[in-house]
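Just the one chain here, the form predicted alone, laid out as C-alpha cells.
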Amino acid sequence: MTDRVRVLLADDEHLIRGALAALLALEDDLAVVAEAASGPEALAMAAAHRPDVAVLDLQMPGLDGLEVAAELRHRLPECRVMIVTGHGRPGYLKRALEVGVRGFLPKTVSASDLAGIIRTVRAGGRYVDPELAAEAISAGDSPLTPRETDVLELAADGSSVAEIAERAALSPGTVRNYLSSAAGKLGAENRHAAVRIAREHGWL
C-alpha cells in the first residue's frame, strides 16, 4: 500500500463514484483509500486518510469541488487535486487553476486515461483536457459560482423554484437567493434571461 498512489474519490453520484473506484482498483499502483459524497465529507476523508491525489466532482452538496480544492490547498498541501466535471463548464478552468487544481477533465474520460492522469498529477505534472481548454479560451471566465450555475441550469427547463429545490436538495429560499444572485451578476432581468445569457457565453 505504501508504494501505491493513495486516491480519494468525491462525487455525489453513488453509481459513478462506485464505478470509478472499481475500475481504479484494477490498477496495481493505485489505491482508492476513501470515498465521499459531499464537499464537507471530502474534506473530512482527506484529513483522515491523507491521500496523494483527490479526484473531486465539480458539483457537490455542501461545498463544490473548487471550494474543497481551495481548502485542501491550505489543509493538505501535499495532496494533488483533480476536478472532474460532467458539464464541461469551461468558465471554471481558470478558477480551478487559481486554487491549485492540477487536473481538469470531463467525466467522459476513460478509466485507463484517468489512471494515467492520476499518475501524471501525482508526479507533479498537470493535465487539462484539450477540448475544455479550447472552450475555456472562447468562453471567458464565468462570474457565477458552481452552485449558482447548477441551480440556473436546473431552471433552464422552466422548472419552478419548488421543483429546483427538490432536485438540488436545497430550500426554496436558498434557490431563490442563488437565482437572484446569478441574474444580478449577469445583468439579467429574470432567471430566464440569465439562462439565455449564460448559454450564449458557454457558461451553461
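Don't overthink the numbering: it's just position in the shown sequence, from 1. C-alpha atoms forming the largest set that superposes within 1.5 Å between two forms make up the rigid core. None of the values given here were measured: they were computed from a predicted structure.
Note that the form predicted in complex with the DNA isn't included here; everything after this is about it.
Scanning Val161, Val33, Val53, Ala70 against the DNA in the model of the complex with a 4.5 Å heavy atom cut-off leaves one residue, Val161.
The DNA in the model of the complex is not approached by Gln59, whose heavy atoms all lie more than 4.5 angstroms from it.
Although the partner is absent here, Thr145 sits close enough that one of its heavy atoms falls within 4.5 Å of the DNA in the model of the complex. Shown alone here, Leu66 lies farther than 4.5 Å from the DNA in the model of the complex, counting heavy atoms only. Contact annotation: Leu154 falls outside 4.5 Å of the DNA in the model of the complex, judged by heavy atom distances. For a residue to qualify, one of its non-hydrogen atoms must sit within 4.5 Å of the DNA in the model of the complex; all three of Leu170, Gly173 and Tyr178 qualify. Of the candidate stretches 132-140, 23-31, 40-48, 145-153, only 145-153 contains residues with a heavy atom within 4.5 Å of the DNA in the model of the complex. With the core held fixed, the Cα of Ala48 is displaced between this form and the one not shown by less than 2 Å. Relative to the superposed rigid core, Gly184 undergoes a CA displacement of at least 2 Å between this form and the one not shown.
Figure legend: C-alpha atoms of Gly187 and Ala134, shown here, are separated by at least 3 angstroms less in the model of the complex.
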